[in-house]
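Quick setup: one chain, the form predicted on its own, written in structure tokens, and binding and motion questions come after.
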Amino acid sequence: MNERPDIAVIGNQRPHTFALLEARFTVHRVFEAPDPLAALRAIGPRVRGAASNGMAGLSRAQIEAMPNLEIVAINGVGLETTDLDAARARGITVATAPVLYDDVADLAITLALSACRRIPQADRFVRSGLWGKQPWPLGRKFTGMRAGIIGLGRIGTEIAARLAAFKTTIAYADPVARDVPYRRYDDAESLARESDVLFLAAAGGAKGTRPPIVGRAVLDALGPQGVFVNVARGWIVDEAALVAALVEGRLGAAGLDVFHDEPSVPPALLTLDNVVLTPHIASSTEETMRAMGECVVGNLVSWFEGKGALTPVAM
């Protein structure tokens, strides 16, 4: 690149990513402004590229504020907050950072094991000095369970690969029939009825645009011995139904990394011993965060060198 294209940072990035961006581009941190959209409009005509993250995305209003935008590089793989129709209409390339699948699958298995073996509760039990003073309740054996996966895309496939080591029987529900040796169910409720542990790894979709994938019927089908794990999006679950099922004992346990209105978590979940909670950290490892940031920068550098985006989304 013989010039330093203007890049609008719509969603926050990590320091390492900013350092790489600022070495190659003129960077505008519009997300830090009191009125980010107004700040974007002020420099919008100069902007040819944007950087965002999966939760911030790129809205139609932001696109309209940047009449010369050519590409947005998203630090993540979620597209539910990006207006793909508006981007497509303007010919804007959308690129993601598809390097997080291992970490998300790892956490899904961790949550399932933690819920079955009551690991957080066991940790508190030891720290509180109760070991030797009162009995410890038995957990559930994870190996050999019937495992169901809702959404057998890149993350769901990685979850299945890890489940195989635990001698599980694997099945899935997905609108697309995959070429895999697992039984496919037509819907999530039928899958849940034949599962001991149910993983939600489906694409989210924009919040409020479709009914939840997992509601009371699915949770009741999973049942009072069932374990539910969510590493997808909180809003594709009927969160009130999930809380009620856990409180009333109609669902055995849950491992949750995502919630409907993050960072808010339903207060009832904080008091339950049959729930493992993590703060949306599925991809939060040093290695993957660095790789994702480098993917964002790599997409922008490659684009402005005339080579196209490295990891564009098919639109």
Ligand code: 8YV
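Computed from a predicted model, the values in this text were never measured in an experiment. The numbering used is simple: start at 1 and walk along the sequence shown.
We do not show the form predicted together with the named molecule, though everything after this point is about it.
Enquirer: Just one stretch in 72-80, 169-177, 214-222, 156-164 has heavy atoms within 4.5 Å of the named molecule in the predicted complex, so which one is it?
Expert: One stretch meets the cut-off, namely 72-80.
Enquirer: 110, 140 and 254: each with a heavy atom within 4.5 Å of the named molecule in the predicted complex?
Expert: No: none of 110, 140 and 254 comes within 4.5 Å of the named molecule in the predicted complex.
Enquirer: With a 4.5 Å heavy atom cut-off, would you call residue 55 a contact of the named molecule in the predicted complex?
Expert: Flag for residue 55 set to yes.
Enquirer: Residue 62: heavy atom within 4.5 Å of the named molecule in the predicted complex?
Expert: Outside the cut-off, so no.
Enquirer: Might residue 10 be said to contact the named molecule in the predicted complex, defining contact as any heavy atom within 4.5 Å?
Expert: No, no contact at 4.5 Å.
Enquirer: Is residue 100 close enough to the named molecule in the predicted complex to count, meaning some heavy atom within 4.5 Å?
Expert: Yes - in the predicted complex, heavy atoms of residue 100 and the named molecule come within 4.5 Å of each other.
Enquirer: If the cut-off is 4.5 angstroms on heavy atoms, which of these, 280, 29, 250, 48, is the one near the named molecule in the predicted complex?
Expert: So the residue touching the named molecule in the predicted complex, by this definition, is 280.
Enquirer: At a 4.5 angstroms cut-off on non-hydrogen atoms, which residues of 152-175 are near the named molecule in the predicted complex? List them in order.
Expert: The stretch 152-175, when checked against the named molecule in the predicted complex, contributes no residue at the 4.5 Å heavy-atom cut-off.
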